[in-house]
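Structure 1 and structure 2 below are two forms of the same protein chain, each written out on its own as structure tokens.
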Structure 1
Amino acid sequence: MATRGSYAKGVARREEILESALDVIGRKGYQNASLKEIAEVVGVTPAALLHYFGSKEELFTEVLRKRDEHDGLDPARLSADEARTAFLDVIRHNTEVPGLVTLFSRLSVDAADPEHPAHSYFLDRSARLRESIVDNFGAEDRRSTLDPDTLARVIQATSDGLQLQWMIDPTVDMPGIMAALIDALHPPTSPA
């Protein structure tokens, strides 16, 4: 029984670390979020953080997974128009957490290396995102002139690219541009 209790405490501590790291990175930015500061918020040492995650890169990869959980976008239960709105809401929310957008963008570049701890996260996340776009703007729905897979890649590439532009110039209207693109590629069933 002691093992089970220790395991539960370890899981709870890991979640506490992730929530704290998510908050610190969201507020202070990726470059200003040190392991030391995250550890201080949780009340552990930087070495203890590495006990739970192995490396800074693994911690930051898990922070992105946690961010995805918080976004709570479950497109499988949404119509195309509801999915469009939910996707744009996530993009709007991203403008409130620039540190997480920077973390995502930087790790995505580093994760091009198959040996990087975030490599499989980005492959899986990209596949799930494209699948949800295909499901919501599906093959049977012919409002778009693009095939669903191409549509999904265009939406994903534009979203990721807009994040980079926004990081350089915060006046870039990410949600507005994405809404215009989605409407052009896949017109809504009712006026937006």
Structure 2
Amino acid sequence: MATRGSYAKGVARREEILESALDVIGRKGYQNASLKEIAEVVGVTPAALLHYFGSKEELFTEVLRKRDEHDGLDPARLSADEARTAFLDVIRHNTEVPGLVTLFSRLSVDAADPEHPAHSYFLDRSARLRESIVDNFGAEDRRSTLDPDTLARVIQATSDGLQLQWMIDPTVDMPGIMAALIDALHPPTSPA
């Protein structure tokens, strides 16, 4: 579309900044992930970061948005077993990107303030996630002991809560516990 070379450069820089931000958070923790730290990794000044993203909080929100695009949280119609597998895969994968888990959890708390740039992001994402759970687990049949909306809330809450526990104690088996919960609340059709 655009023939300008300078346009492409900006896009590349944006990506570079987002990746560096995630990298720094993963290595040094959220607290030490200052604009200065991130800018040094990229090789620019903190003001350059604010040129692309309006504020630190918006930058971090963008990191999460990018992750969601990649992960494809989208409304695919799956069987309950496929949904189970996909969901557990995401959790397993999170184990390998501690920076994302830290960032997500931290912004979850900060975004409680309605003025925070990630506030609507979380409201939105949360709703879409639960919709997807309802579609894939709840509607298909009546195996679950909970109504679909409550089931979705519980799965989401457990997933978020397990991340908090895992960050403090990395020996916590997120996928294992999550699998046990899903099987307890929504028993698979026993193959025997």
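Numbering for residues begins at 1 and runs along the sequence of structure 1. Quick caveat, the model's predicted, so the values are computed rather than measured. Take the two forms, find the largest set of C-alpha atoms that superpose within 1.5 Å, and that set is the rigid core.
Two forms of the same chain are shown on their own. Structure 2 is the form predicted together with the DNA. Annotation for W166: C-alpha shift under 2 angstroms between the two structures, rigid core superposed. Once both forms are fitted on their core, the CA shift for G54 between the two structures remains under 2 Å. Superposition of the larger rigid part on its C-alpha atoms leaves the smaller part rotated by 16 degrees between the two structures. With both forms fitted on their core, the C-alpha atom of R27 sits 5.4 Å from where it sits in the other form; this compares the forms between the two structures. Per-residue C-alpha deviation between the two structures, core superposed: I17, 3.6 Å.
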